[in-house]
Every structure is written in structure tokens, then in C-alpha cells.
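Take a look at this single chain, the form predicted on its own, given in C-alpha cells.
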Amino acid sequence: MTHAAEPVAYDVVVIGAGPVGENVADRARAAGLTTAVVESELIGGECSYWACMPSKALLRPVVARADARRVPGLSGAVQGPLDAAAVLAHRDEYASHWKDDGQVAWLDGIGADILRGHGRLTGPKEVTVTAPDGTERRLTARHAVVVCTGSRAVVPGLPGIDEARPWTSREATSAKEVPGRLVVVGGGVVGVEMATVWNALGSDVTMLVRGEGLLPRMEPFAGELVAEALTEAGADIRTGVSATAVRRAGGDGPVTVELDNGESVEADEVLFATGRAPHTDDLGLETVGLEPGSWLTVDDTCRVEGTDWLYAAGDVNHRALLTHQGKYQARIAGDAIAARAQGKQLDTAPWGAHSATADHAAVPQVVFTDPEAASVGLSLAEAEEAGHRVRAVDYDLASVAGAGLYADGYRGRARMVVDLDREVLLGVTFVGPGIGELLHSATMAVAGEIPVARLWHVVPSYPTISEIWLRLLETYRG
């Protein structure tokens, strides 16, 4: 192992070159700060190669076929199976064939220095990078070190789990072949999206869900409608069960998942979609008085509490584990670092340039299943638990003219949660085909705290699915 004699100084050192780290670097460089970005895997991170991009590339043909099957004059032409090889090839293109040349060129283009290797904190404002060949290089940061290392899939420590070689989200989005039978453990977003994909590509899918239903963090009707559609498509959904052991026959034989009710399920592959943990276990947090493997608690500028130089943006701070929210935090953090470095006054008002407030109560998320499920803000249960005096307003999306034109037999539902004291929306949920693009209007209403009286003057075009806004307001007025 070779050690660098003298550290190299930068204004900002970013650990992790996913979308979050890239955005921090971009903001820091735009402000004229010298910036180094450290990455041990592919530049572009989880989202680009194993999450958002490949998963949505897999899901798009599935949803497009489902939509086409509901359109008169077209449905008869799309009754056959999907071309699995073409779908997987499409996915490969969107994952850039797991090569990061384009992302490297982008970082080079903004003037950030890229250091390949594993970065660890080795003291305040100091990062040591161990390159693949064992060479070490020390970096110091004049103003900030930003941790953007994200999260990793959690696999439970069940008997036989190591020998079974289970899938996580990475294997599920990058698999080269369609498994004949797939067991999905977990009913959250990753579980339902991957069940949707592989079921449509020809797998016999069995879902094992510990709780009472799917998508437990959304309104109950979201999980119910998605479960109904998955069941109709041929998936076997079992709720209220937990896996207790896993075993694989031989080196590449089938996998058996044993359940707590005494039953077992056999499949060719098993996917554990059972949560995420922070990528901080080998980050050197102990050298600066923090606990290895912990989530990093930050303020609204994304600065780690108790420090004046360490920042954490994206999944690693556990505020909102979504790529778009991490990129939002990165922009806030980068601007805050630059302002502090230049001795400027920070704008930390609720909607200020240096205050990440949208990840408290206005977090949007789309689940790209068939039907799609999308939500922003608080569910009814969350709003009531928080002590708000609220009313839930529901409407059948199938009754909206635009929905009927979108698809025969349209099934969907919408809910807005109204704060009765302030007459603003605290949350909105849509479930149905084609509603993902509808969510941003709801996000603006919730984040902007637009009064219900003002929403009456936001006129939806006819005949579109957006007319659901008018129907919800009419129902609220009564």
C-alpha cells in the first residue's frame, strides 16, 4: 500500500457520485469552489444503473401494453406476450450497459476532479481515498465534506440466506433472463414494481407480505387497487406471512422459502425487498465522533448536527429516500456551502434558497405499477396522527370523462386531505392508469399551500384526467 506524502486540498470533497453527489458538485463548482468527487463504483450511482432508470425502462413496456389493451380498436393487436429480450435490451440501453463514460464526461465538463476508490473520513475535513490498486491519497476540505453515499438493500439474516444467493433490488433490475418462478418478499414500492415487471415478462410470481396489504405507506386503497390488478394478472399475493428460512438446492437449483405458517414456496429466484440501510458502515464516522452504520441527522441546510463542516444529502440522512428528493437536498446543500464559504447571509426562511423544507411534508412519489399509484404529503391517517383537524375527500376516477376516454373499464381513485382550519391541502393520492404525470399539480398545491378557494380558479382542461381536481373540489363543497 502506497501512502500520499502530502494531502491535496479542495474547497469541497464529495463522497459518492450518484445523482446527489453530482448535484452537490455542480452547485459547488458553479459557485467557483474547487471540488473533488470520490466514488468506489460507477459514476452515476444506484439510480442510474440499478434503480430508477433500469426499473422504469422495464416497467414502461409493461404499462404501455396494459394501456393499449384497454383502448378500443387497438386491444386486439396487443394480446400477445411481451418480447422479453427486447424489453431487457431496452433496459440495458437505459442503464448505459453499466458503463459510466457519459457520467464521467459530465463531471469532467463542470470541472470537478474524480477520484476512483473507497473514501473514508480520517479526521475533521479529511478524507482518505484508497484506490483499487491499494494506493492511498489524502484530501482535505477547506469548507465542507459532503456524504452522498446513499443506502443499500437490507437482506434479513435468515437461516440459509447466504447459500441461497437471493436477489436484492440490484439483481431484480439487472437480471439477464426471466426466471420461470419468482418469490418477492415484501410489499413496498420495490416489491410491487418488480412483481409487476417479472409477472408481465412471464414469471410465475408469488408475493409474501408480512403486513395486511401492499404499499403500506400510502392510503390503503392504493395497495388494494394494485393488489387487485396484480392478482388479476396472475400473481399470487399472500399477506400476513413471513419468511423464516431459505434454502437453495445444489449450486443453481430451485430456492425454497419456508414460512411462519408452516408452508413453503419453491421458485427459481427469490427477491428480498425488505428495506434499506445507510451506506455509512465503512465511512470512518468514528474518527469524527459519529456512529458507523448510522443514518446522519442533518439540519435544513443538510449540515450534520454538531458539526460546522460535514454535510449529508440524499438517502443517507433518512429524510426522504427518493432520488428526486436527494437531488433537491443536494442543490440546497451546495448553495448553502457556497454561501457560507463566501461569507454570505443564508436564506433559511421556510421557502428560502438554503432551507430543505420540501422533504418534510410535500414529498411526491410515483409507483409505476399498473395501475400507477402516486401520492404527495400526508395520508389521512398521518394527518390525524399529527393532530390536524382534517377531512378526506374521495372521488372515483372512473367517473371523470378524461379517464373513460383514456381507457375502457378505467379503474382508479383519488383522495385529497384538507386541513379544515387553514383550508389548504395536506396530502393528495391518485391511483389509476396514467396518473403519474398528474402528481406534480398536487405537489404544487401541497407544497405551495394553495388555499382551496384559490384552487377553484385553477381550471382543468376538458376532457382530461386532470378534471379530477374539479370533481374533488365539488365534492368538498358538497
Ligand SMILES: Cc1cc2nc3c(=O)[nH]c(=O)nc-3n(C[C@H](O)[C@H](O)[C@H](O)COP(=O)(O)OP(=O)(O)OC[C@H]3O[C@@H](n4cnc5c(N)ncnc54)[C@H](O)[C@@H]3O)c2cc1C
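Sequential numbering from 1, following the sequence displayed. Since the structure is predicted, the reported quantities are computational estimates derived from the model, not experimental observations.
One more form of this protein, predicted together with the ligand, exists but is not displayed; see below.
Gly117 is the sole member of Gly188, Pro179, Gly117, Gly402 with a non-hydrogen atom within 4.5 Å of the ligand in the predicted complex. Checked against the ligand in the predicted complex, the candidates Thr173, Ser203, Ser375, Thr196 yield a single residue with a heavy atom inside 4.5 Å, and that residue is Thr173. Heavy atoms within 4.5 Å of the ligand in the predicted complex are found in one stretch of 406-414, 421-429, 61-69, 33-41, which is 33-41. Put simply, Lys99 is far from the ligand in the predicted complex: not one heavy atom of it is within 4.5 Å. The ligand in the predicted complex comes within 4.5 Å of no heavy atom belonging to Thr301.
Looking at Glu219, you'd find every heavy atom of it more than 4.5 angstroms from the ligand in the predicted complex.
When contacts are judged by a 4.5 Å heavy atom cut-off, Thr369 does not count as touching the ligand in the predicted complex. Contacts of stretch 16-33 with the ligand in the predicted complex, defined by any heavy atom lying within 4.5 Å, are made by Gly16, Ala17, Gly18, Pro19, Val20, Gly21, listed in sequence order.
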